[in-house]
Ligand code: UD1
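Only one chain is given next, in structure tokens, and it is the form predicted on its own.
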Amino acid sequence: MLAVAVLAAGKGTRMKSALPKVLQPLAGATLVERVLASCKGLQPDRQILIVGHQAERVEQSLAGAGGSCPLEFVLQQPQNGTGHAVQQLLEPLAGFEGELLVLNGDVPLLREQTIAELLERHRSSGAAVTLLTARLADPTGYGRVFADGDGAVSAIVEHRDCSEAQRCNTLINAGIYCFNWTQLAAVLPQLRTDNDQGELYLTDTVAMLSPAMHVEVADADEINGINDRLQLAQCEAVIQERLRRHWMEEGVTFVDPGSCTLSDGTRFGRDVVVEPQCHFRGEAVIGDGCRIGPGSLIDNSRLGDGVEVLYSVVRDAVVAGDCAIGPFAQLRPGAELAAGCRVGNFVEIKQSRIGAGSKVNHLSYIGDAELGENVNVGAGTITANYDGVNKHRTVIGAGSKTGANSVLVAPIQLGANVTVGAGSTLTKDVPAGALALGRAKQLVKENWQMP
């Protein structure tokens, strides 16, 4: 059996934030969500989050996050070191027999395959504890791990206690462990606070357990922890590089990769071209042959094949194939475009369905509306959907055309093949095939002079 414990009790003072450190966002997910996701494929039998600072807020943010293996929360109060945190598991894991994997809620870059390798090595070696290690070009400040060629650990020496010769060792302790729980539970009560910080260190249990083994991580970036905004930005850069590299290997063209950011939920089809300064958030799904940007944001939206988006924002929207959006358009939540639509400059669409082949090319607002196929919306057309209290719908039939600077005051329905004269304000339904005019008579006074 496997239990996973994530240490998530710290305050994160150096973040200088009202938000708990483990809830800081990183590429569209919180730090702790990333840690939990990294071990999801291991199918643990127990998942325990050790919380402390703003515990209730952390628990609320992770409601339902455990999936088929519900998250359990254990309070560490006060926070007195990593050893003290794991001591809080003695009661919840009483009678548990199996491995305990200990992860840190502020170390979000670990790959699932790295954790799986740690677990497999622990099981195959019969070790009491197996720790993750890394080699750093500059290991200053890290505890050094001394081990033989077979991976058996003989000692961990903190940096301040190392001799000059020992400091030449670049193998460091990453603070990620896999324990035989029964053996760990027996030694946890023996931890002492006789150190500079006056805390209980989980590291001290390694010297009490035998045999102790280690697994060296291939990519040292995986063990990067986050204590401040600088480290948060550095980890963001690592994740973005991973995501861009993955999709370029899958056939996506990034004209200027470093200027673009992605979320884990971004999915691209074949032959997609991403221009500079484009950003993808949430579950952004991009179809084959799309061209995105420059300067566009796609947030939690689905784009069909052959869509072009230029200098525009698409958020919580669905766009069918062969549509063109922009420049400077905004599709807000609930916008749905059928195939072959054109949405042009300074157009805003929200909570509306636009039929196939329809065009909204200039300076228009379409809200709470349904447009049929091949509708042509003239420049400056507005659906006045809000009466000050409630929102109302506008329906425009297939083949209809609105003239420039038209206002359709909802609720209103225009039939098929209606023509709306330029400058009209309509407040009543219009039958199919009609011409609708709703503007004041033009008045011209010749030889006019200002008073």
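Between two forms, the rigid core is defined as the largest C-alpha subset superposing within 1.5 Å. Given the structure is predicted, the values throughout are model-derived calculations rather than measurements. Residues carry their position along the shown sequence, with the first being 1.
The following text describes the form predicted together with the ligand, which does not appear among the structures shown.
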| item | value |
| --- | --- |
| Residue contact check: residue 143 to the ligand in the model of the complex, 4.5 Å heavy atom | yes |
| Residue 108, heavy atom within 4.5 angstroms of the ligand in the model of the complex | no |
| Heavy atom of residue 5 within 4.5 Å of the ligand in the model of the complex | no |
| Interface membership of residue 114, the ligand in the model of the complex, 4.5 Å heavy atom rule | no |
| Heavy atom contact within 4.5 Å of the ligand in the model of the complex, the stretch among 365 to 373, 301 to 309, 335 to 343, 150 to 158 | 150 to 158 |
| 257, 378, 294, 175 - the one with a heavy atom within 4.5 Å of the ligand in the model of the complex | 175 |
| Interface residue in the model of the complex among 205, 133, 352, 104, criterion: non-hydrogen atom within 4.5 angstroms of the ligand | 104 |
| Heavy atom distance at most 4.5 Å to the ligand in the model of the complex, all of 10, 85 and 225 | yes |
| Members of 21 to 46 lying within 4.5 angstroms of the ligand, judged by heavy atom, in the model of the complex | 21, 22 |
| Core-aligned C-alpha movement of residue 171 between this form and the one not shown, 2 Å or more | yes |
| CA of residue 315, rigid core aligned, shift of 2 Å or more between this form and the one not shown | no |
| Rigid core superposition, residue 145 Cα moves 2 angstroms or more between this form and the one not shown | yes |
